[in-house]
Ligand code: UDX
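Below, in structure tokens: the form predicted on its own, a single chain.
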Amino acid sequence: MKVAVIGCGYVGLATSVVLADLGHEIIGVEIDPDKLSKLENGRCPIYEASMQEMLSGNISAGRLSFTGECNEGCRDSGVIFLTVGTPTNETWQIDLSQLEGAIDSVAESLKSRNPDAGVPVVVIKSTVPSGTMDYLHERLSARVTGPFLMASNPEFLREGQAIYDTLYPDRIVIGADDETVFKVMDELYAGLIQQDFDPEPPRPARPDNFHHPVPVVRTKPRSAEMIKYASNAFLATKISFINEIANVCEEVGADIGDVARGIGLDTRIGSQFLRAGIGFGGSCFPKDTKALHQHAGSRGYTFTLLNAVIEVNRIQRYRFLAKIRRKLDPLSGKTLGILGLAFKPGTDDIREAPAIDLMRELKRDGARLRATDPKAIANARDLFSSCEYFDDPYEVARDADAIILVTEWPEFMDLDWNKIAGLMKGNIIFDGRNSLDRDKIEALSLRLIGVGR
């Protein structure tokens, strides 16, 4: 099947690469000239395991190409994905301008569409409030005279594991009002649903306990749109909940690690998203929780629980900052080593990254900052220049009064902490993710300060 993907960010690129790898003919449409240039030259503009290899391989095989012209992508594609950004503004309202621009470009392209290409299915994969597809359908209908169909097909991808999650989804959600759409999407996703492909490198390995066929949720567009927001809101709620419990643990002398394990073994609760730390970041959870809260409010409903989730997450990183300030007072003139800049391991994304907020506050307190990250240094330097950045984490530890672990990269778990202890001036390790082995660290005469323990 020939498919156009408009917008080549995380979602668009993962969708393009995987569908091409399963045999479809994909053309990605990207208007950012720098990103487009990289893609046309076979270079992945973002970091993620497997993505570069799969991108290069499918370009070489002729199944994947890129263009800056929407018309080139849409003129004979059977499915047109819209995967552009939907940021929130200062009032937490979703900004649909990129989607509106994409729809208008699709409308212009459909005017000169190849009549032999059939009726296109325009698929909204961007995260949007309920009712957005209906609005975009009306907008497109007002601009074209030819037939088209539409669907809502939200993504459930984790940054750093977008290729994995696209290949091995928990479920596929399709919202539409026409049975023809479900048939087209079933054909498009047949390989993913049935898992009839070899999970050989560079594809990530299929998990041992993965069951197929993959469940397909067929529903109305507004329900499909809500499923995406509800999923992220629930996961964010688990994170804020365990952080609140961790804060109580600190007051009563309990260990959040033991508490989280104890409640996570309850099959009604589950163990995922129960690691206490300094809160969630990234491009999805902060944006989507705020957008759902605002969307509910715009319909006259006050989402009290979600408001608390957002507030707990905002405060959590500053509670951690307060620990640093208390233990190192005064901070002025102190040298602090920061391990981890990306908002999570496996990505170079620093959007809503706790590390950036912490470094800004620590710099205001007069601290000298030295930082490292396996992938996100360049992005961090563009956003925050008042720091020395090093590729070598041991250089970050040199003469440091304290080390602050912000992102739990595996590389940091495997460091020679005895060497770090010898390089440091001080002896305090602040573990913002509760990822380090306390016994191992404290056996080296280092003091470990975590969250909720």
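Numbers for residues come from their place in the sequence shown, where the first is 1. Everything numeric in this text was worked out from a predicted model, so none of it was measured.
Quick note: we don't show the form predicted in complex with this ligand, though the next part is all about it.
In the model of the complex, K125 stays away from this ligand, with no heavy atom inside 4.5 Å. Mapping the unseen interface onto this chain, I239 counts among the residues with a heavy atom inside 4.5 Å of this ligand in the model of the complex. Taking the partner from elsewhere, H137 is found to have every heavy atom lying beyond 4.5 Å of this ligand in the model of the complex. Not displayed here, this ligand is approached by F280 to within 4.5 Å at the level of heavy atoms in the model of the complex.
Comment: this ligand is not present in this chain, but in the model of the complex one of A296, I377, L157, L96 has a heavy atom within 4.5 Å of it, namely L157. Among the residues V144, L235, V259, I315, the one placing a heavy atom within 4.5 Å of this ligand in the model of the complex is L235. Only one segment in the set 300-308, 71-79, 210-218, 148-156 has residues whose heavy atoms sit within 4.5 Å of this ligand in the model of the complex; it is 148-156. Residues of 261-297 lying near this ligand in the model of the complex, listed in sequence order, are F273, L274, R275, G279, F280, G281, C284, F285, the criterion being any heavy atom within 4.5 Å.
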